[in-house]
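So this first bit is one chain, no partners, the form predicted alone, shown in structure tokens.
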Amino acid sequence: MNTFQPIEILRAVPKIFQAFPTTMLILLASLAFSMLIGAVFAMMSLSRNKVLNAVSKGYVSFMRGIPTLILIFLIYLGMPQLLKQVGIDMTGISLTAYIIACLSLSASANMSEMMRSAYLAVDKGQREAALSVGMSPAAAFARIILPQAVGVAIPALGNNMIMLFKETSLAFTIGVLDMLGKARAVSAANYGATKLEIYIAAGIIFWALCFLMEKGTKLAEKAYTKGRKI
């Protein structure tokens, strides 16, 4: 039985950190796409059109209810088979693209709810007042509603980003060499002799980065809301 060697934790950190660029690529791309998708469904949920409203609610309910890991397997394993039957070949798509698509879809539901809630948190009277003084609906949204909604949304955005960052660790399930995938590779290279130490190192890295994101979110919220009435 192998004895616990704390020094191996320190040795594993730089090895695992080699995959940091891949993890950040997945995080930032997924964050951007999930916000775009979320914005579309947020607008649909705020629409007076009952069909659009129902579609948005159904999408959000489904994406919040299905585990991200199952979604990854459905898209990575199922979609290529389905599209192949109609003559579309997906063999050239990278594994990283698959995981970004999956995480974007999964996170978009929370992004949609975040945007919808932030919009509704702004007093409707302010929009009405802006329209009454001659502003167009677009100008009222851009100059009055959006700045306040952003301030309301920053804490939730920070939480969503941290959750999304932790879910990047699922990338290894389809062979992407993210930080957790790198940890597994390092462990396999020494035949699991320091498996515990390596996963402790991976956990410390994830915790430290989540801590920095949390602090960064608080600083961003403080800086943005300073001098503003949110």
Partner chain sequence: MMVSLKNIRKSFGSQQVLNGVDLEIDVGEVVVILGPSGSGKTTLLRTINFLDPGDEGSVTVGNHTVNCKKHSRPDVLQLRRRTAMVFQNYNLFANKTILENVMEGLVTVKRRPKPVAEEISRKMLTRVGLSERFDYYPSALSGGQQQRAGIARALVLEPDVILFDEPTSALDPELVGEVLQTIKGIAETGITMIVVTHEIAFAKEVASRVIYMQDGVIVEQGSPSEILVHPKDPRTQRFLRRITDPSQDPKHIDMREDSPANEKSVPTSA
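Residue numbers count along the first chain shown, from 1. Predicted model only: the values in this text are computed from it and were never measured.
Keep in mind the form predicted together with the partner chain is missing from the figure; the text below concerns it.
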Note to self: Residue-level question: is Ser136 within 4.5 Å of the partner chain in the predicted bound form, judged on heavy atoms?
What the structure shows: yes
Notebook entry, point to check: Is there a non-hydrogen atom of Lys84 within 4.5 angstroms of a non-hydrogen atom of the partner chain in the predicted bound form?
Noted result: no
Note to self: With a cut-off of 4.5 Å between heavy atoms, is Asn110 one of the residues that contacts the partner chain in the predicted bound form?
What the structure shows: no
Notebook entry, point to check: Does Asn160 reach the partner chain in the predicted bound form, with heavy atoms at most 4.5 Å apart?
Noted result: no
Margin query: Taking 4.5 angstroms as the heavy atom distance cut-off, pick the stretch from 110-118, 75-83, 93-101, 140-148 that is near the partner chain in the predicted bound form.
Written below: 140-148
Next item on the list: Go through 113-144 residue by residue and record those having a heavy atom within 4.5 Å of the partner chain in the predicted bound form; state none if no residue qualifies.
Entry: Asp123, Gly125, Gln126, Glu128, Ala129, Ala130, Leu131, Ser132, Val133, Gly134, Met135, Ser136, Pro137, Arg143, Ile144
